[in-house]
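Below you will find one chain, with nothing else, as structure tokens; this is the form predicted alone, and questions on how it binds or moves follow later.
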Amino acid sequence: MMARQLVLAISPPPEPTFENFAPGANAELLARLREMASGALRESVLYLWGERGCGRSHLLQATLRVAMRARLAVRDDVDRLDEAAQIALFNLINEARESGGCVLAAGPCPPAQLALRADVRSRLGWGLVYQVQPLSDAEKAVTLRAEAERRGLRITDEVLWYLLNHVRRDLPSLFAILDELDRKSLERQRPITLPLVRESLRGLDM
């Protein structure tokens, strides 16, 4: 019973901010997002794209969190917009360009490759377009260790590199595995060793 109570006390992940985003090769993108949030960016449209787990949604939420201008509109996963939502986004971008607002949008690929209306694709490409660059393995290792330390977990280099070589390597997946390891370690009152990692991952779609 006590172990179950400990499991329920696992700390939740921190809210997305610029400070807890691992920048890697995305320093320029972060600078432009900070400018947009402060109202200093001259472009009215900024579109960012990247592979699953690269941090697109994190960056959108972080920008919205500190935005000082009320006329910042954020649209994530634009590839999933239905016809009505596409028309709304088209009008939103036009309005932003005419009245000084800003639109921050994100999707999985460059604007020209999106399966959207042609006029929406062209509007998304009007302003700044950035690919969110994935972290290197070394950068992921540093980020994963820092997240483990934030949770009060001790993981060895052996465990760290085992994870980076045997599971999905995007940060959301890696952090979800940390959650599982945290639970297993508390439930069984065992340190996070390689045998515990293998046992915890058995049956998981990772």
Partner chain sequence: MQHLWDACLRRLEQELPAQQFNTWIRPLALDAAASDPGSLTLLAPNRFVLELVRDRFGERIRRFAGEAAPQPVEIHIVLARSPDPAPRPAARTNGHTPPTLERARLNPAFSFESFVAGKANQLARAAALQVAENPGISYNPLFVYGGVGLGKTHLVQAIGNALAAHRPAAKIRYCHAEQYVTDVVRAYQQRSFEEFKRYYHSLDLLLIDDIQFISNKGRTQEEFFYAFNALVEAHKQIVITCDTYPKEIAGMEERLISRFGWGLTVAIEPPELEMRVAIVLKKADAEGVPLSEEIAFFIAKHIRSNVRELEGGLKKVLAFSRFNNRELSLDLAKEALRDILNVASRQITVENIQKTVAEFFKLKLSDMHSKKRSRNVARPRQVAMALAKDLTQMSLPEIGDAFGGRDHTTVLHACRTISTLRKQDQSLNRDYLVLEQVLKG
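Residue numbers count along the first chain shown, from 1. Values in this document were obtained by computation on a predicted structure and should not be read as measured data.
Just so it is clear, the following notes concern the form predicted in complex with its partner chain, a form of the same protein that is not shown.
Contact check for residue 28: a heavy atom falls within 4.5 Å of its partner chain in the predicted bound form.
Of the heavy atoms in residue 75, none are within 4.5 Å of its partner chain in the predicted bound form. Residue contact check for residue 43: one or more of its heavy atoms lie within 4.5 Å of its partner chain in the predicted bound form. Within 4.5 Å of any heavy atom of its partner chain in the predicted bound form lies no heavy atom of residue 107. Taking its partner chain as positioned in the predicted bound form, the residues of 103-127 that bring a heavy atom within 4.5 Å of it are, in sequence order, 110, 112, 113, 117, 118, 119, 121, 122, 123, 125, 126, 127.
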